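Below you'll find only one chain, the form predicted on its own, shown as structure tokens.
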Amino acid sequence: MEETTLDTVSSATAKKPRSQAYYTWKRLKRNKGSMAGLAILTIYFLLMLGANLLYDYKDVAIKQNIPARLQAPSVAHPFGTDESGRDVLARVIHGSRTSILISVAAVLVAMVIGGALGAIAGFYGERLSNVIMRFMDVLLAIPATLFAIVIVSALGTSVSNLIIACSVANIPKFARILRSSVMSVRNAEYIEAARALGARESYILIRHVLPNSISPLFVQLTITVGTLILLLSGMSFVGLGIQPPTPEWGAMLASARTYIRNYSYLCFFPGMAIMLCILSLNLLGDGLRDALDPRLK
């Protein structure tokens, strides 16, 4: 009786096994750069959520106010006003919604489609792998920026077309990454054990292979979001992205370049928003790469 009670107490007080996410977060917290990047991204996220609470979209970010045009930064307008009298800070904050959300949506589409193609190519036969990867090689041969410009020029400048253009240009990256990861996992002992127990190939792929090979995609996701923010800003700068008066960082830079000599703040603040966002994403991506690397555990 006493021995049974001791066993019960010891089992109750035994620590529950920690998840992989817990150890990844624990290692990520040691990286000061990744924590700084995460803090900056959190600020961006909070500003995106509270954009309408801080500044009304139609009355402050869109509506022209010619008497207040080209005012230097002040208490009333911390980032100054643009050539149409609109508050630059309000447009930078609302522009974060446009730039970040379109980039995130495009990356998620590219990750889902590219990841699915890469998983199929890496798990199934060599013939299917060759067909899929040769097609990916054809897409990779075309520069992503040129590819996106061609698609937008053909389909038109709308949000949906921008997402399509940016996602198609980045599908090969995710396909190649997940294919390599799946190929390193598909012949593991636990996969052979699942086959021996009679599990279907599709079940093995979804239940066992993908959960153990998908982590590199999250690192690529953070880096690609930063790349797409820069790509989207560049396309808006040349007139193929978001069209005025919708606030978007690249479009703001394009309209401000005429005034850069005497009103440099019009270019400085949108440029800093782009730089800080991309920097924070790269810092977080580097930290995730180290945290998910099994050799550093």
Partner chain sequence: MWRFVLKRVLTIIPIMLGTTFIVFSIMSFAPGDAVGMLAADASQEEKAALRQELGLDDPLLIQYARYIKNLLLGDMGISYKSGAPVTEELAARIPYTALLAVVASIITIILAIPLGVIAAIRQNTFFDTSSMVFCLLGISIPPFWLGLLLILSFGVKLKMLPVSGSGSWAHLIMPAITQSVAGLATIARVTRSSMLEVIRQDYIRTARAKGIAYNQVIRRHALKNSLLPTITVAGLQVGALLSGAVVTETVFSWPGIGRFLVSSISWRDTPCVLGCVVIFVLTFSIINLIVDILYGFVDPRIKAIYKKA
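Residue numbers count along the first chain shown, from 1. This structure is a prediction, so every number in the text was calculated from the model and none was measured.
Note that the form predicted together with the partner chain isn't included here; everything after this is about it.
For G271, a non-hydrogen atom is located within 4.5 Å of the partner chain in the model of the complex, even though that partner is not displayed.
Contact annotation for R257: at least one heavy atom lies within 4.5 Å of the partner chain in the model of the complex. L41 falls outside the set of residues with a heavy atom inside 4.5 Å of the partner chain in the model of the complex.
In the model of the complex, the partner chain stays beyond 4.5 Å of every heavy atom belonging to E189. Just one of L70, C267, M35, L54 comes within 4.5 Å of the partner chain in the model of the complex, counting any heavy atom, and that one is C267. The contact with the partner chain in the model of the complex, taken as any heavy atom within 4.5 Å, belongs to L139 out of L128, L139, A199, V112. The candidate stretches are 74-82, 97-105, 205-213, 144-152, and the one lying within 4.5 Å of the partner chain in the model of the complex by heavy atoms is 144-152. Of all the residues from 268-283, those having a non-hydrogen atom no more than 4.5 Å from the partner chain in the model of the complex are F268, G271, M272, I274, M275, I278, L279, N282, L283.
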